[in-house]
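Given as structure tokens, the chain that follows is alone and in the form predicted alone.
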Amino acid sequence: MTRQGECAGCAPGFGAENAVPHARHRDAEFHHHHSHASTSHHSGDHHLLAIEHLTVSFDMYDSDAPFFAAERRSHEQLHGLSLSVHEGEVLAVVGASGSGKSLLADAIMGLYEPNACVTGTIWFDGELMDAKKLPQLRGRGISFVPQSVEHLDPLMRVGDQIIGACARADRDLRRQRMRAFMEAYGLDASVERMYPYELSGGMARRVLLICALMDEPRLIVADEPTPGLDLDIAVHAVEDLRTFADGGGGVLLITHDIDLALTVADRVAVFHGGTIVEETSASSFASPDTLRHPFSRALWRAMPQHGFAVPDGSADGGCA
């Protein structure tokens, strides 16, 4: 186990020095920085995913200094971020596009740039993770739906990418599973013989979601999985995430579309200023009076059905 504060380019990892003990606690109580939905429960007396005090910074040269005199500085992107996902629930992380939410997904998946410095703790299914363990969970406990369709290999046929590397004995079973998903998402059987460049943006996003569902993970991290999809297909996609959670899995849905998120989410984590400012039941968004943080209330008022009304200064108070 490496110590907190070591940079990913040298020896990435998380430390346990500031970890919050995940001991037995009641389902309904406010703890670990969040409140609960009525469906939240702590199987095994712990969360499926728990992140405590996550900070991600990048060692960069000062862009304002002369080229040959520029000094390296640490630029912090995520600040003391904490959140949890319970078994059987969808947690929606909502915030503005381009605000850094995707960096949270990268941190969970153990995808670090060489100049990244990561501190904090990540627990998965009660086990403390580090930067060596997290990559081992990809496709073996945690599946990722990336934001960009460029994650598809342009030189490999779609069907081969969905089926993935597997033993010959498993290939026919995985092909049947793939075809069932493709039919459910309105993809013709001919798509499995196509290359990614032959797909529309919406088709490519459906392929990415199918790839994540193929391996029967415990947790799905979905980073903006619906842009470019027709509304009916987008609703189908998030409903499939809901079905996955109802079967006992956990979903971390990162999105800027709060209206769509609220149709399936049990709880909502509000992302602002590089951290989570509030993590609460989705039912709290029924009224601004049940939201604790000023930015959460401003976000509620800015929703179309509430008239896009953002009072002056309401998004600034108390933001981390």
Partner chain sequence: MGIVRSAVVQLLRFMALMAAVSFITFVLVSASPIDPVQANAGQAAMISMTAEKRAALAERWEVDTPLLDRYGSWLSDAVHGDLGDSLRYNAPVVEVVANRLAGSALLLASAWVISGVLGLALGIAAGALRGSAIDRAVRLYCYMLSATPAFWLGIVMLMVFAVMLGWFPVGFSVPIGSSASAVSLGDRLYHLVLPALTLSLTGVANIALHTREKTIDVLSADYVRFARARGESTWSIVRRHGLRNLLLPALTLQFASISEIVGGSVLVEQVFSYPGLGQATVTAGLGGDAPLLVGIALATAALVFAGNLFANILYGVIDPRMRKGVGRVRSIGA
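Residue numbers count along the first chain shown, from 1. Here, rigid core means the biggest group of C-alpha atoms that superpose within 1.5 Å across both forms. All of these numbers come straight from a predicted model, not from anything done at the bench.
One more form of this protein, predicted in complex with the partner chain, exists but is not displayed; see below.
> So in the model of the complex, are S82, G95 and G100 all sitting within 4.5 Å of the partner chain, heavy atoms only?
Replying inline: Per the other structure, none of S82, G95 and G100 touch the partner chain.
> Is there a non-hydrogen atom of D130 within 4.5 angstroms of a non-hydrogen atom of the partner chain in the model of the complex?
Replying inline: D130 lies outside the contact set for the partner chain.
>> At 4.5 Å between heavy atoms, is Y185 in contact with the partner chain in the model of the complex?
In response: No.
> Taking heavy atoms and a 4.5 Å cut-off, does F181 contact the partner chain in the model of the complex?
Replying inline: Because no heavy atom of F181 falls inside 4.5 Å of the partner chain in the model of the complex, the answer is no.
> Would A165 count as touching the partner chain in the model of the complex under a 4.5 Å heavy atom rule?
Replying inline: Residue-level check for A165: yes, a contact with the partner chain.
> Just one of R175, R242, H236, H151 has a heavy atom within 4.5 Å of the partner chain in the model of the complex. Which one?
Replying inline: The residue in contact is H151.
> Within 4.5 Å of the partner chain in the model of the complex, heavy atoms considered, which of D160, D230, D246, E216?
Replying inline: Selected option: D160.
> Can you say which of 119 to 127, 72 to 80, 152 to 160, 246 to 254 gets within 4.5 Å of the partner chain in the model of the complex, counting heavy atoms only?
Replying inline: After filtering at 4.5 Å, what remains is 152 to 160.
> Can you tell me which residues in 72 to 107 come within 4.5 angstroms of the partner chain in the model of the complex, by heavy atoms?
Replying inline: The stretch 72 to 107, when checked against the partner chain in the model of the complex, contributes only D106 at the 4.5 Å heavy-atom cut-off.
>> After superposing the rigid core, is the C-alpha displacement of A96 2 Å or more between this form and the one not shown?
In response: Not so; A96 is displaced by less than 2 Å.
>> Quick check: G126 between this form and the one not shown - does its CA shift reach 2 Å or more after fitting the rigid core?
In response: The answer is no, as the C-alpha of G126 shifts between this form and the one not shown by less than 2 Å after core alignment.
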